[in-house]
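This document opens with one chain alone, in structure tokens, the form predicted alone.
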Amino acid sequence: MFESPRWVRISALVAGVALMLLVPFYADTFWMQAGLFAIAAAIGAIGLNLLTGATGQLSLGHAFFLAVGAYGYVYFASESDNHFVGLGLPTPVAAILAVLLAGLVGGIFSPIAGRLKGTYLGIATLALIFIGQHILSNAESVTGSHNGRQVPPLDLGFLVFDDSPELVVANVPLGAFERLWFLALILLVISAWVARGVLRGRPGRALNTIRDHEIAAGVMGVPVARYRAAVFVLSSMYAGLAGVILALVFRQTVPDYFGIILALDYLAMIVIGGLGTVAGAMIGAVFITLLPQVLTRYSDGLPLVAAPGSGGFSPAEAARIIYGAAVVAVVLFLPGGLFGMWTRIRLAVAARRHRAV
């Protein structure tokens, strides 16, 4: 196998990070918000890929754990008043507790996840979506019902992730989205690093063995049920973190967002990007999240894409058709997803250069 030199990969990584750090200084509000959605989706997709891609456990309830993270942060950080209840904790503490709450809820469900597999687990997790929608719509004092609740901005003491107080760097005003960008980017790097460590270490090898040869894994002494339960909890915590970021970006929690459509979007992310890889989850998340935004921004110049009711497909409908077709194409022709395709191209180029030398 031929690989790019290590210095080339490191240089590309450094250049990519530097480019991402420059985005807030040049992008407008529309693209900043879209980019934050993509980063949050990437974190959530990495968690789902640990569960579905690496372990082979189908989950249709990922959106439920995003909701736990988002509403958990709002509950822990908000003050109680005449209409809503909250603990009024410092927002950094609230964010951490929201992620832990998502992991705790995942832990409660983990005995089921440890014993079910495939379609049966998918059906069981699908029930979480409907349970979650019922709770979010009826626990009005906690969730705000259909109208949702205002999300308190994150306050680290030395920095508030809001439009005020004003913050200017290099003559560029950095508002809430710009400040959140740097925080979300740091969290994405940490999330990807942790997941990469899990997949490349002994746990990752055990998870892949469970996925490919469950009986052989058991014979080799791998505690199958325990590993399945543990990765379900870890995946739930990733979703909880993504939910916290989404809440901070939205600034208003809306129950309808955390429905079955969002859960299917996450499955599409990991399939299109590439099952079982961190980079694949990130690529799929960017593709699925930014495609509707691109179509919305440039709908006037695109054929068949128009405003709803005007005779063409709306940007959201067109996006779903496109990535629905992409899922079919990946399943039939690109089993490794977009990341697998890129890997094959890179190896083919490296092999050609090696032969030329």
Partner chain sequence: MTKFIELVVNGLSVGSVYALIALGFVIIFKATEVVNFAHASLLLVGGYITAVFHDDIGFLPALAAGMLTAAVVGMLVEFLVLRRGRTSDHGVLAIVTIGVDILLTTELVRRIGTDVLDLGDPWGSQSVTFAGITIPQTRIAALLVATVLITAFLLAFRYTTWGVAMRAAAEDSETASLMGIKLSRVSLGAWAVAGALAAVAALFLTVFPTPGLDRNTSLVALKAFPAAILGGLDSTTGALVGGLIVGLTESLATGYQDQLHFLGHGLSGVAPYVVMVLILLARPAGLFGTRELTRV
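Residue numbers count along the first chain shown, from 1. Every value quoted in this text rests on a predicted model; they were computed, and no experiment measured them.
Just so you know, the form predicted together with its partner chain exists too; it's not on screen, but the next bit is about it.
Checking Ile96, Val85, Ile131, Leu167 for any heavy atom within 4.5 Å of its partner chain in the model of the complex turns up a single hit: Ile131.
For the residues Leu101, Ala279, Ala206, Leu126, the 4.5 Å heavy atom test against its partner chain in the model of the complex is passed only by Leu126. Contact annotation: its partner chain lies within 4.5 Å of heavy atoms from the stretch 264 to 272 in the model of the complex, the single such stretch among 71 to 79, 180 to 188, 226 to 234, 264 to 272. Though the partner is left out of this view, Trp193 does not reach within 4.5 Å of its partner chain in the model of the complex, counting heavy atoms only. Contact check for Ser141: every heavy atom lies farther than 4.5 Å from its partner chain in the model of the complex.
Contact check for Val294: every heavy atom lies farther than 4.5 Å from its partner chain in the model of the complex.
When contacts are judged by a 4.5 Å heavy atom cut-off, Ile112 counts as touching its partner chain in the model of the complex. Along 57 to 95, a non-hydrogen atom within 4.5 Å of its partner chain in the model of the complex is carried only by Leu60.
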